[in-house]
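Presented below, as structure tokens, is a lone chain in the form predicted on its own.
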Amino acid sequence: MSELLRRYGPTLTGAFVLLTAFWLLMLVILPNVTLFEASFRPYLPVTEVGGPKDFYSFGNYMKFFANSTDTDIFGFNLPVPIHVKIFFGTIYFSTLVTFITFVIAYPLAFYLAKVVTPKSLPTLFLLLFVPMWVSEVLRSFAWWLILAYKGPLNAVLQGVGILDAPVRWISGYRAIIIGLVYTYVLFMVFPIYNAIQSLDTNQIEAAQDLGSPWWRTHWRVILPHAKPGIASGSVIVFMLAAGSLLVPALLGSPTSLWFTQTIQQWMLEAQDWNTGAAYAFLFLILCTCFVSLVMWLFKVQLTDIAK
């Protein structure tokens, strides 16, 4: 605060603080508090709101555990609530998307940070940013056309002899994974790029001079230094993928429901905002717990993500 006062003076500093407080209060805190309060109240007709049936309970949250369906788990056919199954499916495939984006982003980030000449870097960044200028809806529709049963991807793979028959890419979760990886890979590239760029190149050269193979140099020198960028990118990609709605809606199939689609169905199709709010907060809490558990397992601190 003292730095802001010194640099901008009391008038501009006060304006910055008031605008930030207004944004946090009106656009973040109050809407979420309202939804949180509504999540404990039943869905009732307007005439019954405030009446004897309008009381606080955990009924909306308990719907998460209703309507079980038989599910094969490690060879055992067990009854699992349908929404619990959708939630864990979303978590699993969001984790898979995060891992795939890391596999793609790490070599690209290293190449941009330590191999490319400074003169070529702006051009490569421009090429990476060009797809971001197109809306996510159009990009998802483009992938829908590419992955169609008689689309260009199957035509090319059959033309070069990789496939004997077309593959139904838009079935199950395959198309969703492809769309999410394409949409969010840059959110993994740039945090890792920033972390690797800060690494002194002399350390890499010293490891090579001492006879370290390339894979050990990455494992013992570059990856530990890039840990904050990897942690930050992984959290961003996972939360964006788990909370995505457009990509699963456009590239999904009846057998690949995403949890955000369940929330949308409660709120927009069933017009039950109370249950939808309960599912949204439950989703937020469970995702936060999952991310915290993974951070604890990999010994990642919040300070690493904040770097």
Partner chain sequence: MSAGIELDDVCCDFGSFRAVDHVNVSIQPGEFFSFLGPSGCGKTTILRMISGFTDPSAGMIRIGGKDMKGQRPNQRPTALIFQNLALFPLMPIWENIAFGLEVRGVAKAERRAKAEELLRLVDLPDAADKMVSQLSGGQKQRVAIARALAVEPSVMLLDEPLSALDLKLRQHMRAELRAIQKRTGVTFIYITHDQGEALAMSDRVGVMSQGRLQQVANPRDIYNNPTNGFVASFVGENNIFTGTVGSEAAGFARFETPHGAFRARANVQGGRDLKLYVRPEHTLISAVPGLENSLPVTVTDVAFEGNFISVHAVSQSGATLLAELRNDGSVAIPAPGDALHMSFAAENASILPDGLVRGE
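Just so it is clear, the model here is predicted, and its values are computed rather than measured. Numbering follows the first chain given and starts at 1.
Here the subject shifts to the form predicted together with the partner chain, a form of this protein not shown in this document.
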message: Based on heavy atom distances of 4.5 Å or less, which listed stretch (187-195, 219-227, 103-111, 135-143) is in contact with the partner chain in the predicted complex?
response: 219-227
task: Answer with yes or no whether Ile162 is in contact with the partner chain in the predicted complex, where contact means some heavy atom within 4.5 Å.
output: no
message: With a cut-off of 4.5 Å between heavy atoms, is Ser212 one of the residues that contacts the partner chain in the predicted complex?
response: yes
query: Does the 4.5 Å heavy atom contact test between Val116 and the partner chain in the predicted complex come out positive?
result: no
message: in the predicted complex, does Leu157 come within 4.5 Å of the partner chain, counting heavy atoms only?
response: no
Listed residue (Leu78, Val130, Leu121, Ala206) with a non-hydrogen atom within 4.5 angstroms of the partner chain in the predicted complex: Ala206
